[in-house]
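Shown next as structure tokens: one chain only, the form predicted on its own.
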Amino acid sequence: MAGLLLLLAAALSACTNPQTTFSPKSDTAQSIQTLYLLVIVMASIVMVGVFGVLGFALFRFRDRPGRVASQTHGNTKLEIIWTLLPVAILVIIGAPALIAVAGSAKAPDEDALHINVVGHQWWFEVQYPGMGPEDPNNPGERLPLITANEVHLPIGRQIYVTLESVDVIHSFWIPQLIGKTDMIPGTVNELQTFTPQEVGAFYGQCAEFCGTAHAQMRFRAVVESLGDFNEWAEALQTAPADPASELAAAGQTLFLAKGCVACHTIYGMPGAAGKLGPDLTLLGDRRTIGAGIVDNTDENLQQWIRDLQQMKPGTLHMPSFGTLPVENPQHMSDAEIRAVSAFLRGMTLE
């Protein structure tokens, strides 16, 4: 009974997990699952066969009244069978595995979407080379389009991702779309290409221990139609509209005055070109804040500004504005925090 309960718990553990690998949403994830299931099936056949033969032998040749157990030495036919069977099983498993490994090194298609992801403690910077505005220093060339903690992907188009890190080793992983690959300082790694096959938002996270806030270094992969993706990319390089309310306008002034622009960029906003922290362009359209740890709501964003160390202990560089001493020039009152939140969440596609 205990064994059956353990098996049931193992089976149920993958049923509703948003990071399950048993619900692939890309061609590459599907091929990985197919290989995985093949190994499970073959291993199960081996287990049933071994325990079946063992059980038969224990029962058939047991010591019992009227029969004394005996040992048999040497059986050429049996030895040939148990040599050939493992070879056949290894070939059945090995051939698809070799094909899959060879395919993982295949060069991306010419029209593949190139994305470069940079790991930071503890957030992901997402760059789309050649998709940003024109480079003023190199006419005819385009700068990268930059965002943070959300990877937007058009459905049905092959994706080619390169990975870097600016501090320690991180690992990039979207279980339902692609397997994990390390992000190593000073090295550019390539993620196996994949093509998303279903619209939706899929959970990703850092899969290599990288410091205090490692467990809260998450992100979302947003798969959308080509039209929605192009609209998002265009909006990301368009100067934000004027704040829609007096509260948001006051928040914009505070965002500049309190030094937020020293670390954060908002495309098209004069003076907001910091690189130390995540890019905040179109923050109002993101599903989460804090590198994917909480939903993007007024309440959560205000609490993040007020006391981020309570929400994400170990976060570097950004102060908890609401807990700073009142005499500190960067201190924000609750009213000021509400204004900054209204400004940031007001930056949307519409």
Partner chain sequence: MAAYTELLKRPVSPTGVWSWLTTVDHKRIGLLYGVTALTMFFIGGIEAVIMRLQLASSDQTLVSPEVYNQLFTMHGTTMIFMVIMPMGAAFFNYLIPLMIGARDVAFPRLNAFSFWMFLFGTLLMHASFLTMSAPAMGWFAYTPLTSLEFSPTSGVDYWVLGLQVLGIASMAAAFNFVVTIINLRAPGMTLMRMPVFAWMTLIISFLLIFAFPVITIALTLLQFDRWVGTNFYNTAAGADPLLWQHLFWVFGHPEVYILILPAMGIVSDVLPTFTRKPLFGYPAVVFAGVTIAFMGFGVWSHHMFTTGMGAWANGVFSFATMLIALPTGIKVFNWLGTLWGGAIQFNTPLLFSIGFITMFTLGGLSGVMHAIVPVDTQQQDTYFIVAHFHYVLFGGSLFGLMAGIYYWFPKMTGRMLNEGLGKLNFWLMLIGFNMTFFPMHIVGVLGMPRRIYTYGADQGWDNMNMFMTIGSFVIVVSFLVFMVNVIRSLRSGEPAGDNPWGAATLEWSISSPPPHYNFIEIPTITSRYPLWEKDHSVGAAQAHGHDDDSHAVHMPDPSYWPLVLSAGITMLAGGLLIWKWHQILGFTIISVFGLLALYATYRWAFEPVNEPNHEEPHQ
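Under this definition, the rigid core comprises the largest set of C-alpha atoms superposing within 1.5 Å between the forms. Positions refer to the first chain, counted from 1. These figures come from a predicted structure and were not determined experimentally.
Beyond the structure shown, there is the form predicted together with the partner chain, which is absent from this document and is the topic of what follows.
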Considering the partner chain in the predicted complex, which of 160, 128, 203, 255 comes within 4.5 Å of it through any heavy atom? 203
Only one of 97, 199, 226, 262 comes within 4.5 Å of the partner chain in the predicted complex by heavy atoms, so just point that one out. 97
Option from 296-304, 45-53, 317-325, 279-287 whose residues, in the predicted complex, bring a heavy atom within 4.5 Å of the partner chain: 45-53
State yes or no: in the predicted complex, is some non-hydrogen atom of residue 74 no more than 4.5 angstroms from a non-hydrogen atom of the partner chain? yes
Any of the heavy atoms of residue 214 lying within 4.5 Å of the partner chain in the predicted complex? yes
May I ask you to check whether residue 93 falls inside a 4.5 Å heavy atom distance of the partner chain in the predicted complex? yes
May I ask you to state whether residue 175 is within 4.5 Å of the partner chain in the predicted complex, using heavy atom distances? yes
Those residues of 18-45 which, in the predicted complex, come within 4.5 Å of the partner chain by heavy atom: 18, 19, 20, 21, 22, 32, 35, 36, 39, 40, 43
After superposition on the rigid core, does the Cα atom of residue 37 shift by at least 2 Å between this form and the one not shown? no
Would residue 230 count as moving between this form and the one not shown, using a Cα shift of 2 angstroms or more after superposing the core as the test? no
Large Cα shift (2 Å or above) at residue 74 between this form and the one not shown, core-fitted: yes
